[in-house]
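For reference, the chain that follows is the form predicted alone, supplied as structure tokens.
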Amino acid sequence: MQLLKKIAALAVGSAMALSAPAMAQDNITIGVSIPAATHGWTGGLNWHAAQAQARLQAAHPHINIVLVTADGPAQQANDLEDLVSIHNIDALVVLPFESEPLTDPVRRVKESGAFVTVVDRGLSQDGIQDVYVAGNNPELGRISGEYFLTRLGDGDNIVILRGIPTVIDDERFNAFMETIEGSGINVLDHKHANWNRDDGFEVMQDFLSRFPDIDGVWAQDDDIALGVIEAVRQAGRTDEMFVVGGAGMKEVIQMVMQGSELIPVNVLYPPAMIATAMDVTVAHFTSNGPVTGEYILGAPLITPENAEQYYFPDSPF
């Protein structure tokens, strides 16, 4: 939270903080390229990006932010070309649809002279971006595992619904498994559910049909968790287990706020990280201090006591 406050202070600082008075008179164009709202988390990403765009342009009249969304890697690569050739951007904030196919397009933006901030999904080669902003995937797995240790022990059974086979998923899963190692908690099975509600429902139905004794479910992602919850309810087994998702979806946060026994906690992986990235990028032009480097956000445990501060009712996620 202190990091976010510092970043916000940099981004909306007065002209007194500028390294040279003339900077305030320069018109700056920042391109923001993100995936379209293909699932819940990216829907939240788009919402927070639009909120940050309005806030930052109001605070800095000399800064113009061009926000574009893409349905796939090819469209995003084309968008990056347009941001350079048509809008002549001074900086780019990009959450790559996929790492490998966007690495060269982002490199070309950097070669044009733009300041580059990469968000969440790192590029396949190091040294291209000036700033990297991301959630903490290993911490998400570790914090989730630590919560399971407070609820379960030797001989208790859990199932795990993973995301898409990616480095991000591996980081979360491996950290979770390392955290519960030696506890005696049995992992009955783990399967990928592709960060998708329907897949979560189907995978959980399979687990429920095969395992008569399940004490806990780590769903890793809130889209998956909602599918899990529906499957558990349809099977009439809501009193047997609890579910832990992750990311901070408003429907899930609301259940935590209300003291749900089925989904008692959540672990944050904020789509609002795009706003942090935009704040940092603006600070590059408005602050007299350096902003380059990595900004790895925390993954706090969301409980009934603190859930309200993570609840954004107007967000689609």
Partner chain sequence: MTVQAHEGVKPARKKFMTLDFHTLGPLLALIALCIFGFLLNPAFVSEGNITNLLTRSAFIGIIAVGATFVITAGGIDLSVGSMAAVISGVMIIVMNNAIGTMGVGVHIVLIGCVASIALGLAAGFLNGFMTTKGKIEAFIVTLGTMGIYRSLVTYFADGGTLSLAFDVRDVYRPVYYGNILGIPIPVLAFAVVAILGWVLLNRTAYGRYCMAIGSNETVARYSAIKVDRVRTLTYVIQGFCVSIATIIYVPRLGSASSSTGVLWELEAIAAVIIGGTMLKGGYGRIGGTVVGAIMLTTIGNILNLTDIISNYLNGAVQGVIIIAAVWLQRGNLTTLSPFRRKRAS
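Positions refer to the first chain, counted from 1. Remember, predicted model here, so these are calculated numbers, not experimental data.
Although it is not shown, the form predicted in complex with its partner chain is what the next lines describe.
Have a look at 146, 98, 82, 189 for me and say which one sits with a heavy atom within 4.5 Å of its partner chain in the predicted bound form. Contact residue from the list: 189.
Which of 142, 197, 121, 107 has a heavy atom within 4.5 Å of its partner chain in the predicted bound form? Selected option: 197.
Partner-proximal stretch of 98-106, 228-236, 113-121, 131-139 relative to its partner chain in the predicted bound form, 4.5 angstroms, heavy atom: Stretch 228-236 is the one.
Taking 4.5 angstroms as the cut-off for heavy atoms, does residue 183 touch its partner chain in the predicted bound form? Because no heavy atom of residue 183 falls inside 4.5 Å of its partner chain in the predicted bound form, the answer is no.
Report whether the minimum heavy atom distance between residue 261 and its partner chain in the predicted bound form is within 4.5 Å. Contact check for residue 261: no, nothing within 4.5 Å of its partner chain in the predicted bound form.
Does the 4.5 Å heavy atom contact test between residue 39 and its partner chain in the predicted bound form come out positive? Heavy-atom contact with its partner chain at 4.5 Å: present for residue 39.
Residue 75 near its partner chain in the predicted bound form, any heavy atom under 4.5 Å? Answer no; every heavy atom of residue 75 is more than 4.5 Å from its partner chain in the predicted bound form.
Enumerate the residues of 245-263 that have a non-hydrogen atom within 4.5 Å of its partner chain in the predicted bound form, in sequence order, or give none. Counting only heavy atoms within 4.5 Å of its partner chain in the predicted bound form, the single contacting residue of 245-263 is 251.
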